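Below you'll find only one chain, the form predicted alone, shown as C-alpha cells.
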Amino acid sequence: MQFAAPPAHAASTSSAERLLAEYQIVRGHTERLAAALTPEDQCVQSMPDASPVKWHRGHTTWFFEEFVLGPHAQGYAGFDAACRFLFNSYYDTVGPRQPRPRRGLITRPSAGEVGRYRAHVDQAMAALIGAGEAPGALVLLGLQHEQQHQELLVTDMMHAFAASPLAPAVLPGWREPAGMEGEAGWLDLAGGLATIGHRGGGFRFDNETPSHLALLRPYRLADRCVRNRNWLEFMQDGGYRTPTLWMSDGWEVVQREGWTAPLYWRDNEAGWAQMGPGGLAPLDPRAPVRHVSWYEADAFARWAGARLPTEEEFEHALGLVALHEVTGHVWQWTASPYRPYPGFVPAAGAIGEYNGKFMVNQMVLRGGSFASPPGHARPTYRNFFHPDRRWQVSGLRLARDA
C-alpha cells in the first residue's frame, strides 16, 4: 500500500460540494491507513513522543467537533463529553487534557467506539457543509491538520512495531520509493535577495508567513538526498565514534543512547535490514537514508566536508534548479532553528496555539516524506522537531559555500 490519498485544495472552500468531497476523502484516508491494525495495535504507545493510532483518530475528530461544530452548528449534540478531555492535544485555552505520555492508558473508548465517534462527527459535518454554513477556512485547517496526523499515525505505529519481535507491517505491501540512480551532483546558486515564505493563494499554515526578504550568499546544493550507502561509509569511518564531528549536545546523546546507526537499521546474519511501513526489509543502499536526527545529519555533513542548507537556501533553490527528491522520500533537516518569521503574529484564541508556542529549541525540516499525504507539502512548508528526534522520516541533503 502507498500513501495515495487525493490532496485537499484551498479551492474547495468556494463550493460546498467540493468541500464535502474533500472532507470525505481526507477522513476516509485516515481510516484506510489504520485498516490493517488490530484494536490492540491501536492502543499502543511506544514512547512519550508517540501517540496511539486510536488517539490520532479521535483527536482529529475532536478538532472538527471543538472548532467547527461546537461554534457553528446550531443544536449540535456532542458524542461524549469525555472526548473533550481525552482527545485535546495541547490547547490550554480549551481546557484540561490527558497528559501526552499517558495517552496509551486510554483503553476506553475502544477503537470501535472511536470509529462511531468519527461517524457521528462526520454526519454532522456533512450536514453543516451541505447547508453551506461551514466556515471554509476552519474546515480546510482541520483537513490539513488531519493530514499531519496521518503521517504521525504511520510513524508512531512504525516506532511501536519496530520494537516488536515480529516486526509487523503498518501498511502491508508497502515498498520503498525508488530514488535517483547515480551519484549526487552539485548545483550552483548565486544567492542574493530571496523572497521567503508564503505569498498568498492556496492554503498555508501561519508559520509560513509573513513573506519576507532574506539575503543569501552564493552557495552550492546537492541535487539529491544522502544515500544509505553514503551513511554506511560514514559508519565504517568511525562517524559514531569521533567526537570532533558532533555538537556537544549531540555527542552526549550518542554516548547516552548508544547510537551506532540510524534508528531502524538492524544488523543481522544476512546484512543490514531496515524497518519501514511494510515491516523489516533488506536495506537498499541506493535509497535516501532516513530516521536520523539533526545531530546525526549535522555530524555527517561535517564528515563529508559540507554542511546542512539553511531553510532559506532550500526554499530559494526550489524552482531555480533541478532538485530531485524534494518530496516523496524523506523530510530534510536544515541548519535553521525553528523561529517565527519577522512580523509573525499568531491568531487570536485557541487556534493561535497551533504553531506559535513551539517556536523554540527545535530545528526546521523542509520537503516532504513518503508518509506525507500527496499534495500536503509545498515549497514554503516548515516542519520542525527537536534535534535528537529520529522516529520521523527524516534525512538530509548537503550544501556548501560557493
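Remember, predicted model here, so these are calculated numbers, not experimental data. Residue numbers here begin at 1 and follow the sequence given.
Form predicted together with a further copy of the same chain: not shown, discussed below.
If you check a further copy of the same chain in the predicted bound form, you find a heavy atom from every one of 38, 45 and 168 within 4.5 Å.
Residue 342 is the only one of 28, 70, 374, 342 with a heavy atom lying within 4.5 Å of a further copy of the same chain in the predicted bound form. This chain appears without its partner; in the predicted bound form, the one residue of 260, 148, 195, 110 with a heavy atom within 4.5 Å of a further copy of the same chain is 110. In plain terms, the part of the chain that comes close to a further copy of the same chain in the predicted bound form, with a heavy atom within 4.5 Å, is 247-255 out of 221-229, 148-156, 132-140, 247-255. Contact annotation: residue 379 falls outside 4.5 Å of a further copy of the same chain in the predicted bound form, judged by heavy atom distances. In the predicted bound form, none of the heavy atoms of residue 347 sits within 4.5 Å of a heavy atom of a further copy of the same chain. Contact check for residue 213: a non-hydrogen atom falls within 4.5 Å of a further copy of the same chain in the predicted bound form. Heavy atoms of residue 279 never reach within 4.5 Å of a further copy of the same chain in the predicted bound form, leaving it off the interface.
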